[in-house]
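First comes one chain, alone, set out as structure tokens in the form predicted alone.
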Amino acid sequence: MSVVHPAGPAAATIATLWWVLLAGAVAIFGLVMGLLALAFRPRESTGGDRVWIVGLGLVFPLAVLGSLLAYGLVVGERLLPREAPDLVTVRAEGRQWAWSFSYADAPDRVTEGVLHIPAGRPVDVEITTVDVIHSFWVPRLAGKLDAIPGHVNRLRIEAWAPGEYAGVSSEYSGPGYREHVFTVRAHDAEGWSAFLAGGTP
């Protein structure tokens, strides 16, 4: 379930964002520690203090934080669902303490606790809930999105390769929250066709 071990394009974008934010935070932390060390050295003159405080103490952190903010906004906009060829739509309905999944391409199929998707194709998950707020999260495939009663949120996920990926509800919603988990099963083309035709999940 590691967010830095992505298995799809959205998760890869989020992992890159995480590393960039970490690098920026390390740069600012390193600068602050350097300035702190300089503050304890013996000083013979105070003429350069203003340069250190304004130049490195204010301008550098603001430039780094501004750059990180701009990068984060661009990445966030790129993650929004858009029209795509071969798009698959599924519906995820949360409740205490389970997830049900239904499929636009197979209206009669409903699965409990296992979301079936085709590998290598974008999938829009329409997320909702029948009771309290839950949160749909498959760390290796995409970011998390809340399931809100009476509302449908859409999350784009995609798996590069067939396999099973762990999912959780990442919103505390009562005493059974710890066991509110599910699995995403990504099929190859043949397996996906068999699933839609009514094969064993």
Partner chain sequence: MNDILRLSLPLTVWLAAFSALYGLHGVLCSPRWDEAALGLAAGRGVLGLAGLLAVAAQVALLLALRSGRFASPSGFVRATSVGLSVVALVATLWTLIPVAATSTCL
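Because the structure is a prediction, the values reported are computed rather than measured. Positions refer to the first chain, counted from 1.
Just so you know, the form predicted together with the partner chain exists too; it's not on screen, but the next bit is about it.
Contact check for L65, L69 and L80: all three have a heavy atom within 4.5 Å of the partner chain in the predicted bound form. This chain is displayed without the partner chain, yet in the predicted bound form the stretch 69 to 77 from 69 to 77, 87 to 95, 101 to 109, 114 to 122 comes within 4.5 Å of it by heavy atoms.
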